[in-house]
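Consider the single chain below, provided in structure tokens and representing the form predicted alone.
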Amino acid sequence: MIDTLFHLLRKPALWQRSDKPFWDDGHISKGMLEAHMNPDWDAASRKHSFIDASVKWLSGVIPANSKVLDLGCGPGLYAKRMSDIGYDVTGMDFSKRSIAYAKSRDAKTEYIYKNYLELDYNAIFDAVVLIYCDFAALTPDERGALTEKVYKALKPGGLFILDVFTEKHFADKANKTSWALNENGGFWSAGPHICLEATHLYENNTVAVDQCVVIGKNEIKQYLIWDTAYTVQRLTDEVSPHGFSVKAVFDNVCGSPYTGEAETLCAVLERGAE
């Protein structure tokens, strides 16, 4: 066991992926859904009051009655609100639990259990949204592939609206470690376990990984959650080769005017013509 621990607790290689499921893990997905549904918690989803404000802003950016694809829709917090005000919405998420919950409470929206990296549509959506900084959790290759798939899914002139964290968000992400003893189970495991956590920085402190090693009675698991800090220029440089132009930027996905001082930035990207 000690050799396994030493191996798993080393600083991961840049963009190394977990070898265990996260979003669709039977136990973790339960905790994720609880976090989504807590109206006062900025965790799996933002606070519900923020989501309300966000959807109100989105309704002023996306033309009425548009066909909208919500990537990483979770339990449908955005999708249902958008359906309720007249949009034709498809939600896609890689959590069976969240999709089942969404379907049970929203018959108007089409919900699809699928990894959005396997997106495969051809010019049928007016807008695609990817909210709560999911884009920056992907590897560079994944981001490029997803951007190409979103371009293909959009009609000419369609909008891709996403938010990402900025370097301001990374200010408190200095390399750090912690541990917790969970005798009665917790977020990472239903049974007793020890959780060893660390944050590591890369690429001149513009890339971070949250590393969690969970030591249970019969198994040791490692989870790696990546994040990338963006500037407007960095985002522009990434999406432009895939046919998108940056139509507008904001401090957040509620449409607050861009200052460059916020922990997030929201970009409204426009798909060019063929």
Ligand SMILES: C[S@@+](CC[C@H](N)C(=O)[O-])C[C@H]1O[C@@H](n2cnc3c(N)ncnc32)[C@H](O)[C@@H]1O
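Counting begins at 1, following the sequence as shown. Because the structure is predicted, anything quoted here is derived from the model rather than measured.
Missing here is the form predicted together with the ligand; even so, the following discussion is about that form.
J.: Using a 4.5 Å heavy atom cut-off, which of 127-135, 165-173, 83-91, 191-199 contacts the ligand in the model of the complex?
T.: It is the stretch 127-135.
J.: Check each of 44, 214, 55, 235 and return the one that places a heavy atom within 4.5 angstroms of the ligand in the model of the complex.
T.: Of 44, 214, 55, 235, the residue with a heavy atom within 4.5 Å of the ligand in the model of the complex is 44.
J.: Of 107, 117, 180, 123, which one comes within 4.5 Å of the ligand in the model of the complex, counting heavy atoms only?
T.: Of the candidates 107, 117, 180, 123, 117 is the one lying within 4.5 Å of the ligand in the model of the complex.
J.: Is residue 154 near the ligand? Define near as a heavy atom within 4.5 Å, in the model of the complex.
T.: It does not: once the ligand is placed as it appears in the model of the complex, residue 154 has no heavy atom within 4.5 Å of it.
J.: Hey, in the model of the complex, does residue 150 get a heavy atom within 4.5 angstroms of the ligand?
T.: Result no; residue 150 lies far from the ligand in the model of the complex.
J.: Taking heavy atoms and a 4.5 Å cut-off, does residue 102 contact the ligand in the model of the complex?
T.: No, residue 102 sits far enough from the ligand in the model of the complex that none of its heavy atoms falls within 4.5 Å.
J.: Any chance residue 72 has a heavy atom within 4.5 Å of the ligand in the model of the complex?
T.: Judged by the heavy-atom cut-off of 4.5 Å, residue 72 is in contact with the ligand in the model of the complex.
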